[in-house]
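Quick setup: one chain, the form predicted alone, written in structure tokens, and binding and motion questions come after.
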Amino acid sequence: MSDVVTRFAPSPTGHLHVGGARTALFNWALARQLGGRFLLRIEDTDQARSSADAVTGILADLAWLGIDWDEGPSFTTEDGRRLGGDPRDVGPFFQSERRDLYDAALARLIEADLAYPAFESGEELDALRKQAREEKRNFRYRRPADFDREAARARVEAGEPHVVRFRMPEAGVEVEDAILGPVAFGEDQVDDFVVRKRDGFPTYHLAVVVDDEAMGVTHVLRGQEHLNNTPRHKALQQALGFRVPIYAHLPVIFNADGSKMSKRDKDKAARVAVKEAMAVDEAAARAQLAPAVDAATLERWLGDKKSQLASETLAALASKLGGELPGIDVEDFRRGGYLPGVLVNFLALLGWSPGEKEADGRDLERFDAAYLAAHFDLPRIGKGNARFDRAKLLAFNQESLAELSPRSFQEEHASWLARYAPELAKQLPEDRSALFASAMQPRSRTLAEPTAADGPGAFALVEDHEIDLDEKAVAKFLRKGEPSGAALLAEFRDTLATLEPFAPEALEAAAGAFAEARGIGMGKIAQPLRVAVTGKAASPALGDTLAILGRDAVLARIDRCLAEIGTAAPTG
């Protein structure tokens, strides 16, 4: 099976959607399992929407997931690995650079009278569709019976704007699908579709068929939303004398509520958040959002439901309003602090089942990319829609973070901080970053949580004067008791001021000795101290919390707390 070639062919119009990532993963896994090649091709014939930044983003997303391509655009990963290349000389891998191949195929079709120019304007096509609706029939474009090839050629030579359409066979087309089985498309379901646009670029249909043949693609795994395209592609392949690859259409990915998972989900969520904020105080909301998006762009976006803001802008809007958007793109989950292996594991389960059991009889769900590559097969892909269970993904990630060695967790968290929160990274001195990571690991579901505004490590990343004391915690742990928690805290401050070393074990021991000497429980001093330095009644272990902050910050926060509640720290 060394001649097996699978491919992933994204359009570079934005970040890589998780649905596209799953498609890439399954193509990669099939190639690995069969000892073939996995090829990456960039379908950039839509010049208006394609961008070089999107290409780079897609390559980076795939590389981060560990989905390495054997052939395709060259790319150097962050850790120095080189991906891609053209060992079989089948490139280039950008469709915009392959127009000569498409033009040659198109010329063959036109010469054989299997393709023809069509001159209808958008308005004329709309009128034809309207007429079909009024006559209660499906609109199906077919070449007019009185079509004159010579007259059409003359109009083309005169420079009249036109598209080129492929003449579909009058009979229906049956597609053999490796997952769905035979799928029949009746003659009323197919029409003469466009293969070259007015701008001279081929449509997806022609380009993908020519490229799959030229690049030796043997298996095409793609989402079921492409199923209706397959009879067109098969008809083109037969007209051009090409092979018909093995097709396998993957289940569509839905949200947990049954709605289709779409890039528009983020846009919808952001609109709701912005409108809710404006309903409370429009002027304040606009001022709050101003750094993220200019007023004119915001106005256009709010006034047009079909318009969409860039992912980065949507994320900035949500951040300004203190909310989160649903993860849709691979970059969303990377920014959200998920491990790449976890996302790969989870995506593999969206439609595919290992068919094995754990020792306790449960279905096998946790596995790595190497397992997937060794066991992947088409028969175990289901036909039904897949559900994206975010709670399950989060649980997977939490388990995986807990399983990391302390050193690995620290490295992963440091890498995440460097990429997404470099300013916060500077607030963690090197001598305390390992301690911070160790304290956060058992409390983290994602790499983003420790440093989130409401995360378990937020106390260490704000200025001493910015700690917001929880009044309920102050009342319970500092104001009550005889002596009060505040009085005990003021007394214990002297111990902290001179304690050496200022390290977790020594801090825990000092607090324990203080409590024992006064005949009180450990909590009587630990909780007032915790509230004073973090503002809350919950934090990592007391010794870790204090050591992460360091002596100067701890004393400053104690002094501020005592001053605020009216119990000044002793001097001298």
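The first residue of the shown sequence is 1; numbering continues from there. Keep in mind the model is a prediction, meaning the values are calculated, not measured.
The same protein also exists as the form predicted in complex with a small molecule; that form is not shown, yet it is the one meant from here on.
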_Contact residue in the predicted complex, chosen from 18, 554, 9, 561 - any heavy atom within 4.5 Å of the small molecule_ = 9
*Taking the small molecule in the predicted complex as the reference, which of 222, 445, 335, 493 has a non-hydrogen atom within 4.5 Å?*
222
*asked:* Quick check for you: of 104-112, 338-346, 203-211, 369-377, which stretch puts a non-hydrogen atom within 4.5 Å of the small molecule in the predicted complex?
replied: 203-211
*Looking in the predicted complex, any heavy atom of residue 226 within 4.5 Å of the small molecule?*
yes
_With the partner left out here, check for me: in the predicted complex, does some heavy atom of residue 43 sit within 4.5 Å of the small molecule?_
yes
